[in-house]
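Quick setup: one chain, the form predicted on its own, written in structure tokens, and binding and motion questions come after.
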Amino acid sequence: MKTIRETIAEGTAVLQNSDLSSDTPFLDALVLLSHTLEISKEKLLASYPDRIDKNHYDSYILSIKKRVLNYPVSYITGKKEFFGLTFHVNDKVLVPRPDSETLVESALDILNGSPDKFSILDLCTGSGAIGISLKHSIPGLDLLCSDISKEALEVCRKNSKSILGLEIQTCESNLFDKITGEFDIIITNPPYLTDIETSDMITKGLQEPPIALKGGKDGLDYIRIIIMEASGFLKEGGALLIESSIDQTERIAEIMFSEGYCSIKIIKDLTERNRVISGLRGSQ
């Protein structure tokens, strides 16, 4: 049988020569073999001369074939690292992106030095990565995670149990339809791709749920509703935090201003690109 080095090289070559929209074929091949053998990437690299048995090899090649079909690596492995935590993911939820860590950090900046007992709504929660990361950082937070998808909320609850060791509050709701109460912070990574962008991604074989991506003609259909309705669910001085694409942030800030939010900020991600828009309800 082939050595681990040869097996990784084979997987990398297959990915490089495919139509896959990935610029990290070696890393993808490495992660998939690490998952197949159930060892760390570091141990895998140290085991280059070792030979791989047929069952593991066949399983690995199957994973490579799935990746060629544009399955995200995280769907194949069933997990994704986010904010230093390991989240369970499947094809019912969007794979958490590093960009979304800016949302978590922005909320933590607001909460810094504040009492633990703050109420937070994670709207369009998906896997629960954002809300659960916040509660992991500040256990005393009163957290509600909501989503229109029942399947997504099942993933969220699974992550809550595995990461926090408890079952958080969840609500199956189309945006604010079934939400009650008021919150100190409403945080959201809603669908914000344009219809054309979403169609292009589906044409390229995207396997992530379109419901978590498609935001209308200009990508702002859900964001407009969220901005208009969130003020009715925020405490006085409460904060609304929204993630969007780079070229939407200025327009979203304008919509927030027109709806009466104040102290509006556009926050950059780690690559210094506009990523999060925040605004406060009230006159603070």
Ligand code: GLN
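Values in this document were obtained by computation on a predicted structure and should not be read as measured data. A residue's number is simply how far along the shown sequence it sits, counting from 1.
What comes next is about the form predicted together with this ligand, which is not displayed.
- Note on the partner interface in the model of the complex: the residue among 212, 89, 152, 168 having a heavy atom within 4.5 angstroms of this ligand is 212.
- Checking 185, 94, 134, 144 for any heavy atom within 4.5 Å of this ligand in the model of the complex turns up a single hit: 94.
- Of the candidate stretches 226-234, 212-220, 62-70, 36-44, only 212-220 has residues with heavy atoms within 4.5 Å of this ligand in the model of the complex.
- Contact with this ligand in the model of the complex holds for all three of 190, 193 and 201, each having a heavy atom within 4.5 Å.
- In the model of the complex, at least one heavy atom of residue 243 sits within 4.5 Å of this ligand.
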